[in-house]
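First, one chain by itself: the form predicted alone, in C-alpha cells.
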C-alpha cells in the first residue's frame, strides 16, 4: 500500500478479469453463421486483420474490466456480461484508430506498436474503425444474454455514450477548442469525450442487474468520477510520462495547443485534482454493499497508472 497525494493506492488490479477479456477478444473473428453471407464476404480478410491488429494490442482493458467488476459487485457472474463488455472494448478501439488518424491527432504509435493507419493505410484504418463499431452492436444483439429488454437497454446506453452527447460529440468539441472556455468548459468536454465511455462500462451492468435506486445513483456517481479521474491522469501523463511507459508519443496535447488539466491548472493542481477525484470515488464505493474490491482496484489503477 502506498500514499499518493491525499489518497491511498492499493494496486491490486483484477488481472483475472483482464485475462478473461483478452481470451474472449482473441476468439472474435467477426464471421457470420449464414453460409451465403459468409461466401459474399470473402475477400474482406484484410479488413478483419486490421481490426484485430488494433483490438488485440495489449492494454489494461480498463473499460471491459470495469463492466465485469460492476457485474460482480451486483451479484452476477461476470461472464454473463462479457459480450457487452467486449463490445465496449471494440468501440474504444475504433475510437483510438480514428483518433490516431492524420486528420485528428496524427499519432504513429499506440499501445507500443505502430498505429493502424501506419500499418494498413488511412483508408483501411477508417473502415476498420467503422467495422469495429458495427460489430460491437452485433455482438450485443447476438451474444448478450438476458433477453431483448436487456439487449435493447444496453444498446441504448452504448449509443448514448458514443453519439453527439457522448464520445463523438466530445471529440468534436475538443477539435473546436471548446476546452479553452475555462475549467467548466474543459470538464464538460471531457465528460463527453472520455467520461461517457468509461461510465457506460458501469451503466451496462446496471441494465443487466438493476440495483435499488439509491444504490444505482451511487454506482452512476462512481462511474462519472472514474471517468474524470482517468482524464486528469491522462493529461498529467502526457506531460510527465514517457513513451516507453505510455506506449504512445507524449507531449501531443502541448504540440497541438490543446487546453488540458495540466495546462489550465498547472501540474501540482492537476495532481491534487486527481487525488480529490480518487478520494471521492473511494468514498462512493464505501457506501455500496457487495464485493467492490475490484472496483476499488480500478480506481486505484486509474489514479496510480503509468501507462
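Positions refer to the first chain, counted from 1. Note that the coordinates shown come from a computational prediction; the quantities given were computed from them, not determined experimentally.
Although not depicted, the form predicted together with geranylgeranyl diphosphate (GRG) is the subject of the following passage.
Contact check for 69, 143 and 205: none of the three has a heavy atom within 4.5 Å of geranylgeranyl diphosphate (GRG) in the predicted complex.
Heavy atoms within 4.5 Å of geranylgeranyl diphosphate (GRG) in the predicted complex are found in one stretch of 71 to 79, 135 to 143, 227 to 235, 153 to 161, which is 227 to 235.
This chain lacks the partner; the member of 96, 173, 186, 125 within 4.5 angstroms of geranylgeranyl diphosphate (GRG) in the predicted complex by a non-hydrogen atom is 96. Put simply, of 275, 62, 50, 282 only one has a heavy atom within 4.5 Å of geranylgeranyl diphosphate (GRG) in the predicted complex, and it is 62.
Taking the partner from the other structure, geranylgeranyl diphosphate (GRG) in the predicted complex has a heavy atom within 4.5 Å of a heavy atom of residue 167.
Contact check for residue 111: a non-hydrogen atom falls within 4.5 Å of geranylgeranyl diphosphate (GRG) in the predicted complex.
A residue is said to contact a partner when one of its heavy atoms sits within 4.5 Å of a partner heavy atom; residue 194 meets this definition for geranylgeranyl diphosphate (GRG) in the predicted complex. Contact check for residue 104: a non-hydrogen atom falls within 4.5 Å of geranylgeranyl diphosphate (GRG) in the predicted complex.
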